[in-house]
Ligand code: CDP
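This document opens with one chain alone, in structure tokens, the form predicted alone.
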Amino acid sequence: MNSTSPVIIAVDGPSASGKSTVSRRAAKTLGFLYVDSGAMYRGITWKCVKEGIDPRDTQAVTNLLIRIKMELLVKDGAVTYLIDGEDPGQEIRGQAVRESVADIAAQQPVRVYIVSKLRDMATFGSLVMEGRDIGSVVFPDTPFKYYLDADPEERARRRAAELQATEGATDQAAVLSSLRKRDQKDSSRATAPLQIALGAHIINSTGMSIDQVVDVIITDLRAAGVIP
């Protein structure tokens, strides 16, 4: 591998499979930049909600993409963005965005727009990028592809715990139902459906600690001679 070329680690998987925590920790351990591709789709969704645009109206969303400016920047070890000079912050994690982001992510113009932005991030250096189509669409040529999964009940437990910490009481059964609906939308959409990328290392993290999952990635990079 050319030592001057950025190394791209693609981490894909369904919601609450541990992608974010694993990717953040792996990036920090390696000294790479972390990228949450889902936050990009949430940002577009946030802008639609803010402007009262129906996320299922492809023409209205496309018009939005034409006129907005999404600026990429590095902050606190991650590649992030501003939309029209504004950082949406934690608003992208709110209920209004959560309920509409799957509709936004299913639209081809949005995916083309975001995939271009994600590929541009390689100019910043080596990346650990998490999402649902990183290894299959965004960086299909990277040799470091991982598909994280976990039992649906375990994923619901993790997501419910996150929501409990940020929003107070939550219903785990409702979270499980929501995750299954999102899985169905992600797997059945016409453009870049959630799938296991060719050559990806599949990791079922049910019963595994975050450190154990990260160690799998670090061991692979060491074996490939990327790190000592």
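What you see is a predicted model; the values in this text were computed from it and never measured. Sequential numbering from 1, following the sequence displayed.
As for the form predicted together with the ligand, it is not shown, yet the points below apply to it.
| message | Partner absent here, but in the predicted complex, which of 83 to 91, 67 to 75, 146 to 154, 132 to 140 has residues with a heavy atom within 4.5 Å of the ligand? | response | Result of the contact check: 132 to 140.
| Applying a 4.5 Å heavy atom distance criterion, does residue 41 contact the ligand in the predicted complex? | Although the ligand is absent here, residue 41 would touch it in the predicted complex, with heavy atoms inside 4.5 Å.
| task | Would you please decide whether residue 158 lies within 4.5 angstroms of the ligand in the predicted complex, comparing each non-hydrogen atom pair? | result | So residue 158 does not count as contacting the ligand.
| Taking the shortest heavy atom distance, is residue 128 within 4.5 Å of the ligand in the predicted complex? | No, residue 128 is distant from the partner.
| request: Give a yes or no for residue 214: in the predicted complex, does one of its heavy atoms lie within 4.5 Å of a heavy atom belonging to the ligand? | output: Heavy-atom contact with the ligand at 4.5 Å: absent for residue 214.
| What residues, if any, in 89 to 107 have a non-hydrogen atom within 4.5 angstroms of the ligand in the predicted complex? | Stretch hits, in order: 93, 101, 102, 105.
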